[in-house]
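Quick heads-up: it's one chain on its own, the form predicted alone, in structure tokens.
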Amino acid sequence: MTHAPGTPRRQIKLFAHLLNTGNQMGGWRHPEAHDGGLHDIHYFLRMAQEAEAAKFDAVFFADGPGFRRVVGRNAFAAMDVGKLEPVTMLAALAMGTSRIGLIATCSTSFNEPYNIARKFASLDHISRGRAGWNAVTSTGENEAHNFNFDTLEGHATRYARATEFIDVVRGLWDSWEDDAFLLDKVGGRYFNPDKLHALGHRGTFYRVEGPLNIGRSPQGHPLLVQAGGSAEGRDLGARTADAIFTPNPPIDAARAFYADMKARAAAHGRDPAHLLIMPSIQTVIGATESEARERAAYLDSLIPPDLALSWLQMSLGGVDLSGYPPDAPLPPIPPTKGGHSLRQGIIDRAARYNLSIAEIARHVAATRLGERFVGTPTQVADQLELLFKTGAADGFVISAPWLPGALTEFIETVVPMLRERGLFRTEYEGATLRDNLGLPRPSNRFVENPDLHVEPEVWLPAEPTAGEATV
């Protein structure tokens, strides 16, 4: 397809996934991986600044309020654990960066909508329009046990709760109109009360009065990212999300997912171009293809086999595979309350490539499920261009196998090639994350439809009108 003169050229969007010391479960053991621990804010700040210098759209932080269950003390001890709370961390990173987006994961299962709306609106103000929320449902039993639950709620209940949760958050973000604050010292009015709206929400899971006690943020709404791959997750993302974070499956499955999400967005009355599909990509780069494959094999050797098997069992919903030989195929896997799309993706991949239990365990531990691109910088750039140009992706979440070195390699070797091909920016397009992603600023629902207005209860009883007696 030729590029029409005078129209903006479609270009790849890039997020940097700063997951611990790398996306590969043995990555922390790489000699060049960060060895200062995961509580070091300067480690994350340096990577955010490096990604910003390379003109990445955002840094992205996965998170969960608890641990994933891993069978065996030794397997658990082989994991790089110990996370800073992501919204707090991003507020610190906002002070050391100026243009790059800041996206944090927070669960709808074990939070309250008002707190989440307030946190991300605050982060959007602090960063001057660069905040994003990756909304997820929790899938780990340990997370449930940290919040007064005996067990994790079922998949359908979690998604019903998430749907209502996100709608409440978006409504709270519209509490104030953009021009509500007058700061009129002479007249004595700090804001115009006609431009403040309560929510008055009464739902199945939540009762939230509002309004939010922070003004409308620079982006109107912080960027909303979602990662659900089940039917319920896809439909929620198509209706509400700005970007979809997804594993990178084989290219035919990636194209099918892309087409499905764009069609679902259109069915909800949205412009499909305003829903960005961002597969997670892990790259292992070498000067030659053989060198890259040697480096990938070395990385895989750093993953303890018992950790790989335990992680596979957890990813499949807690199934026990210990009674099966490692070279046996996956047995039938029963339904689970955990992540449906991850479970099904593992089953599909094992069947597609005829993988044994040990082989699929190594793959999941090495890549968290998606395809891994192993090769020269040119080969990696070719693969990204193919996905981008053939209807499989709008951009990529670069999930380096170890950090910070593998991210630096991608920036120094692949990004220049993408620029040479006209596929990636040389400068940021705007001041906010939405500007740089080419996404519109959401309108305020109360401005669009004044009939939705709910008078805030905070100034009741009402002031007397003209002619009423006062006491």
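From 1 onward, residues are counted along the sequence shown. Since the model is a prediction, treat every value here as computed from it, not as a measurement.
From this point on, the text means the form predicted in complex with a small molecule, which you will not see here.
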So which of 350 to 358, 112 to 120, 245 to 253, 287 to 295 is the stretch with heavy atoms within 4.5 Å of the small molecule in the predicted complex? 245 to 253
Although the partner isn't part of this model, could you tell me whether Tyr159 comes within 4.5 Å of the small molecule in the predicted complex, counting any heavy atom of the residue? yes
Is Val415 one of the residues lying within 4.5 Å of the small molecule in the predicted complex, judged by heavy atom distances? no
I'd like to know whether Ser98 contacts the small molecule in the predicted complex, with contact meaning heavy atoms within 4.5 angstroms. no
Might Ala54 be said to contact the small molecule in the predicted complex, defining contact as any heavy atom within 4.5 Å? no
Go through Leu212, Leu152, Ala227, Ala366 and name the one with a heavy atom inside 4.5 Å of the small molecule in the predicted complex. Ala227
Tell me, which of Glu50, Glu32, Asp63, Glu429 has a heavy atom within 4.5 angstroms of the small molecule in the predicted complex? Asp63
